[in-house]
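Presented as structure tokens, the chain that follows is alone, the form predicted alone.
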Amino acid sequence: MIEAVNVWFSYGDRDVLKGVNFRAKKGEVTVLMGRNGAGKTTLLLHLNGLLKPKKGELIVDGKRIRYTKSDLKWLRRKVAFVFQNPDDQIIAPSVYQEVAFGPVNLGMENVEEVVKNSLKAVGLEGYENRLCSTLSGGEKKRLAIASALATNPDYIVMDEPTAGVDAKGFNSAVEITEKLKEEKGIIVSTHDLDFARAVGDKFVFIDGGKIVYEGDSIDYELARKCGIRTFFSGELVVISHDGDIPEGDFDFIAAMGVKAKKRAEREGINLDIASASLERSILRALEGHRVLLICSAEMVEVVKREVSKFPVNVKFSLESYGEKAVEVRSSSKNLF
């Protein structure tokens, strides 16, 4: 396990990390997310000793790092770092020389076999004699991962691995990450919500130099508050069957539960969605529509739990209503 314990770090007089506590385990993909300038890359650079904390400590597999020459050599053998821009990392003319550089300097045996296996793991088998300068951006990213993999680390840290890649590169990054976590701990920093959802086992949000969330699912409401880019979507407005009905137009109106359907009938509201109501309401909101969901009061907590799993803008309006009903209109075009 990698542990950053009460880590503080400053650039000049500006505190960038403020008492950060962070953990990442082997066999998992830990996803670090946050707005630009939140401290993501700065934290990652601490994990293999590229930066030294002003205060706090780094513990890797139970060993407290003292930042001596021998400790840093041990740490960088344990934890490999893959930069966002592969051109900041690639130093050799040919693919073979680039992947072999680390193993040769570490005095590893069977370097040729190590290079071959590392390239095969990232889908670059047969590229040994290619010049690095002739590779595409996505191929360079895979080469950077192969170079890190060649030193046989226990953990691999990747900063924005899908930045600037196309769909093929995205799928490749997902496949490689899933394969690597079978034997290693993977820590990734990303703005790519699709990538985070595809590979993440644990999610950590950092904001203003502090960890503000960690869990095994993404809290989309908090993500938006932290400036993390989520999908563009419509809005899901949720009221209980005994709540006030908001004024205005909705693209779709749904009811969930017997009490909710009776309320809609009593108010003369024509329902667009009456079956699989929650799932279809979330889907329509994700597609960009404004949706009103009336649900039986006892189901409100269920709705809160389920919508938290999706990047949908949701508003709960749970005030009790009076005798006078409010007119609502649906602009549905009979899409079902």
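Source: prediction; values computed, not measured. One-based numbering along the sequence shown.
Below: the form predicted together with a small molecule, not depicted.
Comment: the small molecule is not present in this chain, but in the predicted bound form one of H191, K225, K262, K202 has a heavy atom within 4.5 Å of it, namely H191. With the partner omitted here, the residue from R35, K26, R280, K52 that has a non-hydrogen atom within 4.5 angstroms of the small molecule in the predicted bound form is R35. In the predicted bound form, G39 approaches the small molecule with a heavy atom inside 4.5 Å. When contacts are judged by a 4.5 Å heavy atom cut-off, E139 does not count as touching the small molecule in the predicted bound form.
In the predicted bound form, the small molecule sits within 4.5 Å of a heavy atom belonging to E160. Taking the partner from the other structure, the small molecule in the predicted bound form has a heavy atom within 4.5 Å of a heavy atom of R14.
Heavy atoms within 4.5 Å of the small molecule in the predicted bound form are found in one stretch of 282-290, 54-62, 39-47, 299-307, which is 39-47.
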